[in-house]
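First, one chain by itself in structure tokens, the form predicted on its own.
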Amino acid sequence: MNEHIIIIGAGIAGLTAGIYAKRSGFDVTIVEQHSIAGGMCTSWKRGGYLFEGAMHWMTGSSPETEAHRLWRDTGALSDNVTVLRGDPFRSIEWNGQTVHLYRDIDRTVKALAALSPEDEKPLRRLAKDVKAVTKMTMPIFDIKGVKMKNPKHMGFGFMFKMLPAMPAMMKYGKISCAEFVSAFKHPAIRRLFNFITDDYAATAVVSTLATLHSGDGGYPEGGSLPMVHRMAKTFTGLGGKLMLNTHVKKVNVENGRTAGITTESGTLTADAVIVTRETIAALDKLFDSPPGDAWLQTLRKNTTPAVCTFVSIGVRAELPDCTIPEWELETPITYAGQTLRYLSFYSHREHAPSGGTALTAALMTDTYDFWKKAKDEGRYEAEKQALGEQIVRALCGKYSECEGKIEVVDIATPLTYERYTGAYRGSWMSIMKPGARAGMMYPAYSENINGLYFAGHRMMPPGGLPVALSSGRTAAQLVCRQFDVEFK
């Protein structure tokens, strides 16, 4: 087989597509603008500290899930990779006590009902719904028309298995996370469940609780960088070519079909191109004339980008490992027109020098326009410093052992994500609002440009690692179907 496939982007979707396409016999080149693979799934080192910039828990880490087989196929997980399942998953401080959200929903309900007997009935109803939603797993199916042994298509059996989850998913899909938490009377319970942005559909909270209760949602030891390295090693071990530090200027289209790509250093020809760069930015920047497929226009129209400002702190002190309980700030933090009254961190001692802790916090509001204006007006670094100083004061005010021990303060704004990944507004997921259609997978190929395919976190809202994984596999199958090749 001589067909050459070019994949734009060496994130989870690109590496997955590359691995499956290479196994199926294609000549495959992955082109990545950054100096390392990973895309949005990444970590970075500063001053001896490693900051986990993407993955705090992963769907498909449990062997009982469909996605687990794909993670193993790509080398991301194996028998040699330890999966950590820290418990409790989340904690808050309230009136001198610590309130926990455990992975086991029954344990959580028992503890919260003791705290607030008047909330026992809605808590038990929630537990019932969470257990029902554990039946709802992300489907991994094979596309119609692709040659392969024992293809798996969506059928009645799958739908029947999902039936117990449907009433709960429909119920929570109609309300926002803010409405969901407001149903509880006790303020501590409302805060405990308030770990996803208010305007998301409440299915985001319930699905997370179901993932945890089912035994999924673990953290592969070492985090994003080692996991991506394993995937890249799988790809190159198959003979795939990985071109780093290579910026793609455009996808070349001739006579209604892809002909390859143009980079800053020249032209590469190809028989098909898989675009795994964030889809909206790719449409805006990689084509002389963007493909006019209706589904791509719908994707653009329906996407509300999830954006964050990511704060990383390295401190030469041993703070609680895994998560630091959320606490109420004596002095609220203000930035970008926002007021933060509570603060919490993910914490990793394994990612810090001896005696230290690496802390990360994602401030989950879309502040892209604020940071863009600050950049244009020359006060970008000053605004980052001001935010960092407020967060350090809050941390040291809470944990006096941190005073004078802060060694690293690093702030990644939406502009940082945009610069390193090229993503639209630096967005790494999509917000599913109440009433949005759940489980909708976009077609991922162009009817107007032959040999053009898409993969990545936009292919099925709200996105995330498992969507990037499955869409990469689907893109490889689409290529196999185009060239009438058996998918392996």
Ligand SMILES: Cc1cc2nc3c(=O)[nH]c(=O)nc-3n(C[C@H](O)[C@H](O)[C@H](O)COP(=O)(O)OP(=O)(O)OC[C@H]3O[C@@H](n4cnc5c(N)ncnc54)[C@H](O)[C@@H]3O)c2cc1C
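All residue numbers refer to positions in the sequence shown, first residue = 1. Predicted model only: the values in this text are computed from it and were never measured.
Omitted here: the form predicted in complex with the named molecule. The next part is about that form.
Is there a heavy atom of residue 38 no more than 4.5 Å from a heavy atom of the named molecule in the predicted complex?
-> Although the named molecule is absent here, residue 38 would touch it in the predicted complex, with heavy atoms inside 4.5 Å.
4.5 Å heavy atom contact, residue 232 to the named molecule in the predicted complex = No, residue 232 is distant from the partner.
Does residue 57 reach the named molecule in the predicted complex if we count a contact as any heavy atom within 4.5 Å?
-> Residue 57: yes, in contact with the named molecule in the predicted complex.
Is the gap between residue 277 and the named molecule in the predicted complex 4.5 Å or less for some heavy atom pair?
-> Taking the distances in the predicted complex, the answer for residue 277 is yes, it comes within 4.5 Å of the named molecule.
Stretch in contact in the predicted complex with the named molecule, which is absent here, among 330-338, 193-201, 412-420, 396-404 (heavy atoms within 4.5 Å) | Selected range: 412-420.
In the predicted complex, the residue from 429, 436, 50, 449 that sits within 4.5 Å of the named molecule by heavy atoms = When the named molecule is considered in the predicted complex, the option within 4.5 Å is 429.
Looking at 107, 128, 147, 247, which has any heavy atom no more than 4.5 Å from the named molecule in the predicted complex?
-> Checked against the cut-off, the match is 247.
In sequence order, which positions of 281-320 have a non-hydrogen atom within 4.5 Å of the named molecule in the predicted complex?
-> The stretch touches the partner through 286, 308, 310.
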